[in-house]
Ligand code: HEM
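In structure tokens, one chain follows: the form predicted on its own.
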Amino acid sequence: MQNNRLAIRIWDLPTRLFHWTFAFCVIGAFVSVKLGGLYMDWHVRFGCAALGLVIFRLAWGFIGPRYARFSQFVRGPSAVAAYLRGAAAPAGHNPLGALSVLALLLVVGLQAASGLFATDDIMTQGPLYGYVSESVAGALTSWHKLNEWIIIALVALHLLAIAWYALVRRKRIVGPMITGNADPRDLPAGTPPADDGPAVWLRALLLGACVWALVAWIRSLEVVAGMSFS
């Protein structure tokens, strides 16, 4: 991807697809659980998809292009403090935004993982519910319900941060996550572009296939658990 004066590629296609699909699954899981009833089947599907996306993003943070890697944007407290004091933001996630990324991956990952063992005591159980005791399932179900409020709070903070950057700092954040390109005026001088092309897409496709197989295998255990514990 050419680095020119009009735009610089920051976000590769797999990272952008992850971002919007992840948001869709979180919203879908929230809406479906509130609707309840037969929509709970969709809640399980969205939850399993979210788990797969978290696993994908964690792996992509090590094998993805430059600005998708954790080594590029995860920094210590001193970097966060310097940024809050007005230090220039690097390309990609800034030090404060990195904390938001990690927090969302953590709480959504925990939500999806606990949901594998949770039950609503009516008609819906997670795929691995039959593999744990009732006390363990009850504890994980309680966490699953409590953690929902933590996710809501983090998502609200995330949206407020986007609005603050757009209205106060006049920094474009949403646009680059759609197109992948950032205005050079929003980046430090000499910012190199991220790799994005068929080789990157193939790497993401292979990783995605492995993650999909893992999630499909987890879901297949639901039938085995039901047969074993009936």
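When you see a residue number, it is the position in the sequence shown, counting from 1. Keep in mind it's a predicted model, so treat the numbers as computed, not measured.
The same protein has a further form, the form predicted together with ligand HEM, not shown here; the description that follows concerns it.
- Contact check for residue 55: every heavy atom lies farther than 4.5 Å from ligand HEM in the predicted complex.
- Using a 4.5 Å cutoff between non-hydrogen atoms, residue 204 does not count as a contact of ligand HEM in the predicted complex.
- Contact annotation for residue 34: at least one heavy atom lies within 4.5 Å of ligand HEM in the predicted complex.
- Taking the partner from elsewhere, residue 159 is found to have a heavy atom lying within 4.5 Å of ligand HEM in the predicted complex.
- Using a 4.5 angstroms heavy atom cutoff to ligand HEM in the predicted complex, all of 40, 43 and 118 count as contacting.
- Taking 132, 151, 80, 89 one by one, only a single residue has any non-hydrogen atom within 4.5 Å of ligand HEM in the predicted complex, and it is 151.
- For the stretch 104-143, the set of residues having any non-hydrogen atom within 4.5 angstroms of ligand HEM in the predicted complex comprises 104, 105, 108, 111, 112, 115, 116, 118, 119, 120, 124, 125, 126, 127, 141, in sequence order.
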